[in-house]
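Read the single chain below, which is given as structure tokens and is the form predicted on its own.
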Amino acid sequence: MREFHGVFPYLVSPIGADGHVLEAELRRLIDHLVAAGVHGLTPLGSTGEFAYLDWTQRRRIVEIVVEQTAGRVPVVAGVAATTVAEATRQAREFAAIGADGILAILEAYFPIHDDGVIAYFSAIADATELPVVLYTNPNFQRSDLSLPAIDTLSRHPRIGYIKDASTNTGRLLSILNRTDGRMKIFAASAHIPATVMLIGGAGWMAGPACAIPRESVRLYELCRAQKWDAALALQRSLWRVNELFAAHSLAACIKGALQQQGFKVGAPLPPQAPLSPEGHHAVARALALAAEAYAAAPSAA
């Protein structure tokens, strides 16, 4: 199974007013992120507004990301559905397109018991030969991945990763202890990446890395080199970007940040609200602070 580690930005989904993917801007963003040193790309995560996209849009976004990345870094595509049949269909299509891995998301209208949750994620892992990253976000999902379910799923030969957005860092350590090396942890924007790296994380898959990629990569490198004083100094400044999500929505913040950097990625998809003038001002301040912290941070070498 291919090893994933490092910084995987959750890509925004640039969609025009007519519903078509803004292909040129997405390709330009991909090249920018790869040049910044990211270790992989994740289309159709939460920042990618997957819940607001139809299948034609989802499929085209993954096609563009795979084409433009051209093997330079792995592409882990988001699969999200309410049924096993639809989830496995998506997984097979993304594998055929050339994705390197699957980010598996369970959408549920009614709560699902552990047996159903395990069956859903197992079916995705059985549908292709690709490695699978489990994604759980209890704040938004009707059915969370419990520790017993994670333990069971960690024994599947293609399920070796989990991105947990619970905001509970102790839960991450419980997962590491419970799975005994079978499951690697990726931090979400709800967690402090340096803290997750300290307890044994593999990296982070998160929206902020889409807007501050070089800063995120430097933070990862400092953590890997165990230069914790420098890493925490940089982390304190970068956390300002994460704090904005408490006042402004995720997609609005990241798309607003990218617009300020010259990427015409469009507004969040309705009925989500675009970033307010106050939000744009706050994002600009956070980006400036991140750039200053990056300039002051030492190399990990």
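Residue numbers run from 1 along the displayed sequence. Note that the rigid core is defined as the largest set of C-alphas that superpose within 1.5 Å between two forms. Note that the structure is a prediction, hence the values are computed from the model and not measured.
Quick note: we don't show the form predicted in complex with a further copy of the same chain, though the next part is all about it.
Residue 69 falls outside the set of residues with a heavy atom inside 4.5 Å of a further copy of the same chain in the predicted complex. Proximity of residue 107 to a further copy of the same chain in the predicted complex: non-hydrogen atoms within 4.5 Å are present. Heavy atoms of residue 249 reach within 4.5 Å of a further copy of the same chain in the predicted complex, making it an interface residue. Not displayed here, a further copy of the same chain is kept clear of residue 157 by more than 4.5 Å at the level of heavy atoms in the predicted complex. From the list 30-38, 253-261, 269-277, 61-69, the contact stretch for a further copy of the same chain in the predicted complex under a 4.5 Å heavy atom rule is 269-277. A heavy atom within 4.5 Å of a further copy of the same chain in the predicted complex is found for one listed residue only; from 167, 152, 146, 122, this is 167. The three marked residues, 112, 135 and 236, each reach a further copy of the same chain in the predicted complex, with a heavy atom inside 4.5 Å. Contacts between stretch 205-224 and a further copy of the same chain, counted in the predicted complex as any heavy atom lying within 4.5 Å, involve no residue at all. Remark: with the core as the superposition reference, the CA shift of residue 239 between this form and the one not shown stays below 2 Å.
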